[in-house]
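Just the one chain here, the form predicted alone, laid out as structure tokens.
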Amino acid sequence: MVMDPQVDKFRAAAEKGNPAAQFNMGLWYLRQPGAAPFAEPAVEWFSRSARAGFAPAQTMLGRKFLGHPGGERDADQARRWFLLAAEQSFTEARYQLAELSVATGATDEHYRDARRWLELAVSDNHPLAICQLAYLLDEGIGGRADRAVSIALYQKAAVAGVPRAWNQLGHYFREGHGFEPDIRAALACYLRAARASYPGAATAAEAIRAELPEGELDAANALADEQLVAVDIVPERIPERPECTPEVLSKDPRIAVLRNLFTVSECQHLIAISQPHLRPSMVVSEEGKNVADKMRTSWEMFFEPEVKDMLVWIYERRLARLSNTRPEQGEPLLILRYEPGQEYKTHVDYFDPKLPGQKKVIEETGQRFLTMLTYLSNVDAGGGTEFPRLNIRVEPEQGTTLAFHNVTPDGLPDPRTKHAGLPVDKGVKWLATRWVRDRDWTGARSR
């Protein structure tokens, strides 16, 4: 490994015990081409810096213990290092403690701790913390709901340039949620989010463009950031969240849709944080292995613990509550993207005990007895879910969850649940899949 003179200077200072130089040496090793996540030389330098009390290094070690591909997760060790850094008022450590509080438990105390740490991080203008606190306040998680303050926080995050916040404000202006409806302001906000490729923002902006005469478009483009975030909030215009309404499609086998289970912004958030991790989709073979197969042509990613944020933990718990299962029974939430022509041909989700490889999967990690599919986007044409033996087809509807039992009440595989993800004809289909086992999920990492 070739060292340049500048790195040699850092190394010399690090060897003499300078904690900042030690931290920078750790970063240098992390950023080398082909370096493994938290390679041993990097961890050694971070550890030396952290033991010297350098808060950024303590936070980096905390993040290491949250897990990474090939690494072990140790929430207690992560919390210890984050607390040391937080005692020095290090903002990122406060934010990580909020995320960790939600990741490690679903009690009122866990959520109150998360809000407390987020409030401290927000006082230092941590952009992600501002949006996360806005979400908890909007949902009334960890304390009473305050939806007006939630909107104000999104305004604050927009000032900091957070695309998620601009997109949220665009939705609020368009729907008259907390503001007087203002289509020009909505377009201006969506355009700001679209410049950062925030999911759905460009589509929303195009839809508004089609409605506006040219002069109005120019007026929207002329709106300054300061004008958009200074608009007064009208509490009377904040609507109640729509109720989740179930509809039974079949009693035998058990199939239902849950409408309004997720909001538009929740769906878009899942898309946004999953996009960097997408890879070609796999299927479970007769031998019980994850393999590529032409019957499934989508892209996918699994939310392993190290890439989840607090919203993903909350989403998974919501699905568990509504299905009367434990969150621990669910496999990692799977995000799928289907582009035009992509599909998942007719298949079943249960494991077949007649196949030796899949029988072993059942014995080791349990049967997939329940599937919950959440449509994260609308689709211009195609992309429905079809049960050919039951003459049932469900079209994608953003925020709606399709739930069905893959086995009979006595636990036997039910071939009537054979289904297909039909080809997308126009647009892009995003889907969140939660497979639920008949006992707590203890499987190895999905990849």
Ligand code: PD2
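We number the residues from 1 along the sequence you see. Everything numeric in this text was worked out from a predicted model, so none of it was measured.
We do not show the form predicted in complex with this ligand, though everything after this point is about it.
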property: Full three-residue contact with this ligand in the model of the complex, heavy atom 4.5 Å, for 338, 421 and 431; result: yes
property: 349, 316, 138, 92 - the one with a heavy atom within 4.5 Å of this ligand in the model of the complex; result: 349
property: This ligand: the contacting residue among 373, 129, 165, 333 in the model of the complex [heavy atom, 4.5 Å]; result: 373
property: Partner-proximal stretch of 23-31, 382-390, 50-58, 36-44 relative to this ligand in the model of the complex, 4.5 angstroms, heavy atom; result: 382-390
property: 4.5 Å heavy atom contact, residue 344 and this ligand in the model of the complex; result: yes
property: Interface membership of residue 10, this ligand in the model of the complex, 4.5 Å heavy atom rule; result: no
property: Any residue of 238-264 that, in the model of the complex, places a heavy atom within 4.5 Å of this ligand; result: none
